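Below you will find one chain, with nothing else, as structure tokens; this is the form predicted alone, and questions on how it binds or moves follow later.
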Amino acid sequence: MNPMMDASGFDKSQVADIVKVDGKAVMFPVASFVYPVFVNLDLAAQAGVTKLPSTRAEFLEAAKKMTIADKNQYGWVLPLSLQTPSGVQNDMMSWVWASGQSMMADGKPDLEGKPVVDMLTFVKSLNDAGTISPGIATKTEQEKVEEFVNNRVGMMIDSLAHVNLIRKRNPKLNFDLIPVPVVENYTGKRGLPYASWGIGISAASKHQEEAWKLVQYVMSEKVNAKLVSLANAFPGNVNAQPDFVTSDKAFGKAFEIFKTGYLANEFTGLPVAEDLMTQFDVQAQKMLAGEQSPEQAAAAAQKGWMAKF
């Protein structure tokens, strides 16, 4: 869509994210469902966690305090089922993006770089400390949410789309939302993992000019605000404000996180993204089982990914 944006004078700064393939803009997120950290405030208070974590070190400390294995209560939950490997994207790589870092370099995988290796080392430290709920290798996102709803985990990274589901499953659950914690001394904007409904234009379309008019219409401030209000999602136009953020405390908090950060999901637009997640998942599981180091896991995943590129 680059030529159309240039020809029409389209203001790129109004778009929350531009999904690119080979440097070319192919999609805008129309409505985004972000993934902050959900915190069980009652479990936090009982554990003596008076300040919700902002850094990885604080998160590890809070997770340790919230973990009481004898009561089947844990600080964090990590779903790495190979059937649905999205845990790699939402629950692992989100730590990389939160600190403004990347799993890519010059359009190619960079899994052996410091950001990804540090993330793996951090996740391993959470596991070594016994703070992650058991059953990581077979756990699904749905099971993760169930554990949070039933007061079995203190913190989880999850879609904002599940707020109403969580409330329905446990109306008494006292929870708050925070951004994914960052590495020490990081002060920049925080990347916020997300899934979205996207819009683009087929290269084979005979009516690209008309299609571009529709794209601009859907992405315009007022139209986008109305659409995302109906969907309980966040806008693709950064100037649009959905209705529910002023009437619902949780959504309002998440919207503040959204506005002060930026959307980040490097799997969007990658070749066979789910296969890449599965490959990384396998290596992460081996690491958590003590079969290899974070560096070895990253190297093995890098080799597999490069074959797909």
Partner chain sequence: MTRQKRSHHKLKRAVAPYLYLSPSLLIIGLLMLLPMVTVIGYSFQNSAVLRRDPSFAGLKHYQAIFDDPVFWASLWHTLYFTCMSVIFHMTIGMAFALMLNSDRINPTLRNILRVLYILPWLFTAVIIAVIWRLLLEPNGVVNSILMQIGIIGSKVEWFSSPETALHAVTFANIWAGYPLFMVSLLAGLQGIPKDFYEAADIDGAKAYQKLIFITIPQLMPIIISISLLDFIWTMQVFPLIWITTGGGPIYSTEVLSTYTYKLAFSSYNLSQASASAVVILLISLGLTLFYIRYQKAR
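Positions refer to the first chain, counted from 1. Only a predicted model underlies this, so the values are computations on that prediction, with no experimental measurement involved.
There is also a form predicted in complex with the partner chain; it is not shown, and the following applies to it.
Of the residues given (N174, T138, S220, N150), T138 alone sits with a heavy atom within 4.5 Å of the partner chain in the predicted complex.
A heavy atom within 4.5 Å of the partner chain in the predicted complex is found for one listed residue only; from E256, D243, D42, E274, this is E274. The shortest heavy atom separation between K308 and the partner chain in the predicted complex is within 4.5 Å. Although the partner is absent here, A69 is a contact residue: one of its heavy atoms lies within 4.5 angstroms of the partner chain in the predicted complex. Mapping the unseen interface onto this chain, Q83 counts among the residues with a heavy atom inside 4.5 Å of the partner chain in the predicted complex.
Contact annotation: Q285 falls within 4.5 Å of the partner chain in the predicted complex, judged by heavy atom distances. Partner contact region in the predicted complex: 130-138, out of 157-165, 210-218, 109-117, 130-138, criterion any non-hydrogen atom within 4.5 Å of the partner chain.
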